[in-house]
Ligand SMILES: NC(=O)c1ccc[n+]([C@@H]2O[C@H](COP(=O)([O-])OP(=O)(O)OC[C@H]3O[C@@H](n4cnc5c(N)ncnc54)[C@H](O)[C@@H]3O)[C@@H](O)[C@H]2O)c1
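Quick setup: one chain, the form predicted on its own, written in structure tokens, and binding and motion questions come after.
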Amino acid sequence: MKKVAIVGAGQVAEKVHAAYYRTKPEEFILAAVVDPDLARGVLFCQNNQFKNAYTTIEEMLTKENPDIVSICTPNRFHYDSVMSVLEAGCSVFCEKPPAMTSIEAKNMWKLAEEKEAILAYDFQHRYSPEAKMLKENIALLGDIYYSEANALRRSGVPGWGNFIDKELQGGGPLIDYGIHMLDTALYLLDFPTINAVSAYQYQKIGPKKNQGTFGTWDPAKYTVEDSLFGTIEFKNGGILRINTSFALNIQPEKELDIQLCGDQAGANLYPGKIYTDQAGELKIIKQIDVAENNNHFTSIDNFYRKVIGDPQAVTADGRQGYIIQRVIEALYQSAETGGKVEL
């Protein structure tokens, strides 16, 4: 059995990580949670069958010596938390994004290698049945030269947590949930070498409104972008467009999808389809109909299988986490400076 601890006693810790670990009582000892608010930590333990609550990672590591630690803190604290846990020799499953900077993400990756520990990130959309189908049939598309990743909301500024605080989060929709479509697109494309990125960001709506489909917020405290649009140029000549928003005057309430265009066929992630044109008519080559699927659980399960040595397990590892963080950083840099950023 593996002894498990969670750092951060918030919503994702409870609804995703603790919920997964509770499904395998024969595999995991639910040892501890760490949160600076001890009362919240104690309540988390009571509600989620964990044994002990601590206010510092250091005390938890000393007293519990866990095998696996989930990091569920605000983005700003990912780096210090992950580094402390890796130094202690634990395997780490961290919420996205990896960190606040690419230097931090690289340090995390290298320390995991040095300690021979498993480090993985919760990019759950790459584990969807749709992504699995596309990955297995990607050759049908031929030479993929144009791709588009959309993570758009018409009025979806989060009304909870720290999502509108740039100092704590590092940014808005791009680093919050656009990062999921970025990861999945690069995963499907097999992480091609990137030459350069360019981007534009806007803050037109968040500071002017205070209510949307995800609750209310204080516009005076809104310090992140409410939309960002970027282009990623690959060494192979292809490009990936990424479009993200918390708030954007579009017709649908939201759009979460990836489109891949090859010289033989095209594909969409949601719903999962591969198609081509035949004399002016759309021909469906392959599609998948999906009932409910918990991609988060599949993501954590692959991490756990990696920890116990399953060679078939696939994780968003430290190296890929660094690449994603570097692209996010470059997109923000381009948007802030108005110039193209070479990688």
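Each residue number is its position in the shown sequence, starting from 1. Given the structure is predicted, the values throughout are model-derived calculations rather than measurements.
The same protein also exists as the form predicted in complex with the named molecule; that form is not shown, yet it is the one meant from here on.
Heavy atoms within 4.5 Å of the named molecule in the predicted bound form belong, among the stretches 137 to 145, 219 to 227, 116 to 124, 193 to 201, to residues of 116 to 124.
Highlighted residues 9, 74 and 180: every one comes within 4.5 Å of the named molecule in the predicted bound form, counting any heavy atom.
This chain lacks the partner; the member of 96, 166, 106, 154 within 4.5 angstroms of the named molecule in the predicted bound form by a non-hydrogen atom is 96. Between the named molecule and the residues 283, 40, 63, 286, the one pair within 4.5 Å by heavy atoms in the predicted bound form involves 40. In the predicted bound form, no heavy atom of residue 69 sits within 4.5 Å of the named molecule.
In the predicted bound form, the named molecule sits beyond 4.5 Å of every heavy atom of residue 305. Contact annotation: residue 130 falls outside 4.5 Å of the named molecule in the predicted bound form, judged by heavy atom distances.
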